[in-house]
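Take a look at this single chain, the form predicted alone, given in structure tokens.
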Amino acid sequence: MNYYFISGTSKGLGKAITEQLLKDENNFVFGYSRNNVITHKNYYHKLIDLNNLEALKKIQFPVLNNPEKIVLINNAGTVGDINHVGDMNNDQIIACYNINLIAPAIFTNNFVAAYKNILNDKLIVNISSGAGKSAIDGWSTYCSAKAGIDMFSKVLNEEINIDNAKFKVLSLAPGIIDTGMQTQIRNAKQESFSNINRFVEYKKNGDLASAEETASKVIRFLAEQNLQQETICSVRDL
């Protein structure tokens, strides 16, 4: 059996990845989010608010019997409060870093601790963003958190090599997807986000990929070892 642990499975990319994986009876998925929208015999859901650090610290990964593959996908994310620094909500600043950076770090720490002695195929995929490489006004917390997840992944890869641990790690940018996050971006105020018109045009011109289309590309990275050679990667590499 292949085991997948995925955060943010209630909507968008996480839901699409989960639904596609569950088409194969050899896959079992553990999902983590505030809501459960999936019912399947090979799916287990853990209700959790990823902004709740005390609950996050208690996450324990199960003992697995003879797993063929074990994969962690840190997918859950939020663009946060789209505003210039000085006009931001402090609670939303904290939540954005918690969900986009601290939660993946905690999940990964516990995942490595739980399965470091298993020799089978193990993969950690952190869903990153091109925003981690660009300075976008109004997105200070999101851009910096995604830059952080890229660097976290690179350091983890160095540690894996030093420790000769049997893990692979990817920081995978999924491209621009037609999800609720894009709706939130398009509803931002012009004075808080000078690039809003560009994102409105993405939607108008049909430039946004569907969650289902992007999920199929992410799953290729899970399955094809030749796509797992570089820690920092993008679905645009396909």
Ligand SMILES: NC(=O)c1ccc[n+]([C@@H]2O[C@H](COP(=O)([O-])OP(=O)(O)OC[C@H]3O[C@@H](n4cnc5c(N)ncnc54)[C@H](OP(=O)(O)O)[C@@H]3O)[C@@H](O)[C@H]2O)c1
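Values in this document were obtained by computation on a predicted structure and should not be read as measured data. In case it trips you up, residue 1 is the first one in the sequence shown, and so on.
Absent from the display: the form predicted in complex with this ligand. The rest refers to it.
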property	result
This ligand in the model of the complex: contacted by all of 9, 129 and 181, heavy atom 4.5 Å	yes
Exercise: residue 48 in contact with this ligand in the model of the complex, heavy atom 4.5 Å	yes
Exercise: residue 34 in contact with this ligand in the model of the complex, heavy atom 4.5 Å	yes
Touches this ligand in the model of the complex: residue 142 (any heavy atom, 4.5 Å)	yes
Residue 101, heavy atom within 4.5 angstroms of this ligand in the model of the complex	no
Single option in 124, 76, 82, 156 placed near this ligand in the model of the complex, where near means a heavy atom within 4.5 Å	76
One stretch from 187 to 195, 22 to 30, 58 to 66, 168 to 176 that, in the model of the complex, holds residues within 4.5 Å of this ligand by heavy atom	168 to 176
Contacts with this ligand in the model of the complex, stretch 213 to 235 (heavy atom within 4.5 Å)	none
